[in-house]
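To begin, one chain is listed below as structure tokens, in the form predicted on its own.
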């Protein structure tokens, strides 16, 4: 079998693989605590579903402009201005089938085989694989060396004439770290100084815990705005993962090149999902606020539970809905049983019936990520089993 060189070294998604295996076990009536998936466990709000049903009944079921329907583009522009202090026009926006496609489109449009794309580890699992799909070389900066904060000396040391782009994600998946305004302004200065493109993945912007605040990179000045693609979507904030609606904003000429990738691949996003997105962006903030408040309660529950756990460290999440746990010492002591985080997570699933994601998939070997986008009962059950595992192997 012959496959393209670009795809030969592209890996699987650990998140999807482990979640699928856990759901398969659950379908066989095995009591699995699933703390793996990066999606809210809430249902999509009724007013959003009603808008989709109306679209179907009204016959709004054909192709739309590839960029997106005008009504949705205008609402996205309003959202960027209101929430992010970024001025965009419809021509600066593309609606895609999820924020993932928005990122993929940009990488395909702007990167070549001789390009380098910088990513900050821990990173979302798909960044590195999507970079490989373009033929570009991923260049990883390990933020764990600096307590998961930005170290500009390390970043600048790895910038070369081949550096085309850097990806930043705040609030971060998997750590929950939120970068400060000063960090982001200093980061923007580096990007502008070296004239490289930037993807700012802001999908978790609404899921953030006081006193931390979200700042959009492109809002600081025109120079960084013209180099930045601001990526967002509705999956996390409105519990719309399966609707596949994401969007980006950027400089007009760059966006036009990105639009060509979508034009010749997926074409337009689902017309029905776009109408649902219109309804989502028109809803009162309290609709999403109820879900975010629940995530805050679960976060407190998780952190209170972790105070009773000995033997592992963790990063206190500032945003998103993940807890990133440090199992490096346990792995070191039990190398004969599990050599790395993937083997550890496999053992947790097969012997303790709890599904979590290995840190190696995020570029942070020795860690694991749990998601508290699950009921408190599920979270408690999963954490209790993880604690039993720790006690046995500490």
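All values reported here derive from a predicted model rather than from experimental measurement. Residue numbers count along the first chain shown, from 1.
What follows is about the form predicted together with a small molecule, which we do not show.
At a distance of at most 4.5 angstroms from the small molecule in the model of the complex, none of the three residues 80, 199 and 214 contributes a non-hydrogen atom. Only one segment in the set 235-243, 282-290, 108-116, 257-265 has residues whose heavy atoms sit within 4.5 Å of the small molecule in the model of the complex; it is 235-243. The closest heavy atom approach of residue 317 to the small molecule in the model of the complex falls outside 4.5 Å. Although the partner is absent here, residue 98 lies within 4.5 Å of the small molecule in the model of the complex, judged by heavy atoms. Interface membership of residue 165, defined by any non-hydrogen atom within 4.5 Å of the small molecule in the model of the complex, is ruled out. Using a 4.5 angstroms threshold between heavy atoms, residue 187 stays clear of the small molecule in the model of the complex. With the partner removed from view, the residue among 179, 204, 104, 295 that has a non-hydrogen atom within 4.5 Å of the small molecule in the model of the complex turns out to be 204. The partner is absent here; in the model of the complex, the one residue of 169, 269, 230, 134 having a heavy atom within 4.5 Å of the small molecule is 169.
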